[in-house]
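Just one chain follows, in the form predicted on its own, and it is written as structure tokens.
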Amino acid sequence: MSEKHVRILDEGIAPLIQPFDLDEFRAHNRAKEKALVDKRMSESEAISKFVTEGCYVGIELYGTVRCPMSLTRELIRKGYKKLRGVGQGVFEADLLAAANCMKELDWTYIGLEVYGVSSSLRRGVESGYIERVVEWSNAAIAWRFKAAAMGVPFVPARTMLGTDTFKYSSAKAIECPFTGKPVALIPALVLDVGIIHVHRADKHGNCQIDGITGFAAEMAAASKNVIISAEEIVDTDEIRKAPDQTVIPYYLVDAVIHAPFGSHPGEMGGLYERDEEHIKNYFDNSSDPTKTKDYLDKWIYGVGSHEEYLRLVGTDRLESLRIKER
């Protein structure tokens, strides 16, 4: 009988930042608590319990939409300097780069969208503090979570083929055994910690999201530990009234934090707009390392908790951002 081989046509030049063992991941998930226990805690408690120096952290969603900013600020306050991470974010990624928290990144884009690209990331990369940035398309990152959630080592796709994004990724291209055409193999991504902000959750970790759900479900299922911040903590009976809206089930979640305006200065669909003035002021000053440090000192290191941060922003400012019912 003749041997059959899959033909590798091309491969990205970057090594995998987060090698994976799907059997180990499955064993980890089998051992997780499945009882309906109370998982409520503070940002400080959750980050201290589940994030260790050097671990691989994922932050969900796109741009400034539904970003877990209260947890991002706590990550920075804790003083981590060698984290590895993934995301498709904007403001939280910029702050992590500004604070020298990250050493290696799987990322699609870091910038302040309409305002311009990230000065903080540029400084981090050019100085050598950020040692590696591996490029992926938005779809590829989401499909990496999907592969891990499915328990398979990769998913085949056509994304990134023929681009420099593919060249600077860790993907491989093979000749499809069915069609003979090129197909990209997008490797699974198992996170040590996934950090996600939602509209509402119960104390057990059942989570609901209004509007765009992004890749919250896939990231949660691809993470060994999941930290949830929520605009509102509701009774489980409220969750059960609309079970179809439960994007993340309790058994994936390890910590639940009550964080109203937890995405500020980002936005939360249906609840509040993003704080354009805050973000633009940060961007305008971020090209200057001294002014960037001043921002970190005032808005992150200078406050001890999310509650203190909200008091610094001010009730009037927060209320001005709230979306009013018509």
Partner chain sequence: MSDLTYNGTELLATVASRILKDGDSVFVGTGLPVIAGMLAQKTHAPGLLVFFEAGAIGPIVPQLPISVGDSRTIHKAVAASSMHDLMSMCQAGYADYGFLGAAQIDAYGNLNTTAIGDWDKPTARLPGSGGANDVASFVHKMIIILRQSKRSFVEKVDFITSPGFLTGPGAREKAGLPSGGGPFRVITQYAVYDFDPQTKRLRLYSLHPGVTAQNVQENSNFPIDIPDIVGTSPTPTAQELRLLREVIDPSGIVIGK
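Positions refer to the first chain, counted from 1. Everything quoted here is computed from the prediction, not taken from an experiment.
The same protein also has a form predicted in complex with the partner chain, omitted here; what follows describes it.
Although the partner is absent here, T179 lies well away from the partner chain in the predicted bound form, with no heavy atom inside 4.5 Å. Heavy atoms of I110 reach within 4.5 Å of the partner chain in the predicted bound form, making it an interface residue. Interface membership of P289, defined by any non-hydrogen atom within 4.5 Å of the partner chain in the predicted bound form, is ruled out. Among residues of the shown chain, R158 is one whose heavy atoms approach the partner chain to within 4.5 Å in the predicted bound form. Heavy atoms within 4.5 Å of the partner chain in the predicted bound form map, among the stretches 48 to 56, 264 to 272, 291 to 299, 22 to 30, onto 264 to 272 alone.
Between the options T236, T213, N100, T246, the residue in contact with the partner chain in the predicted bound form by a heavy atom within 4.5 angstroms is T213. Note on the partner interface in the predicted bound form: the residue among E104, E218, E92, E231 having a heavy atom within 4.5 angstroms of the partner chain is E218.
Contact annotation for 163 to 197: residues with any non-hydrogen atom within 4.5 angstroms of the partner chain in the predicted bound form are T163, D164, T165, Y168, P182, listed in sequence order.
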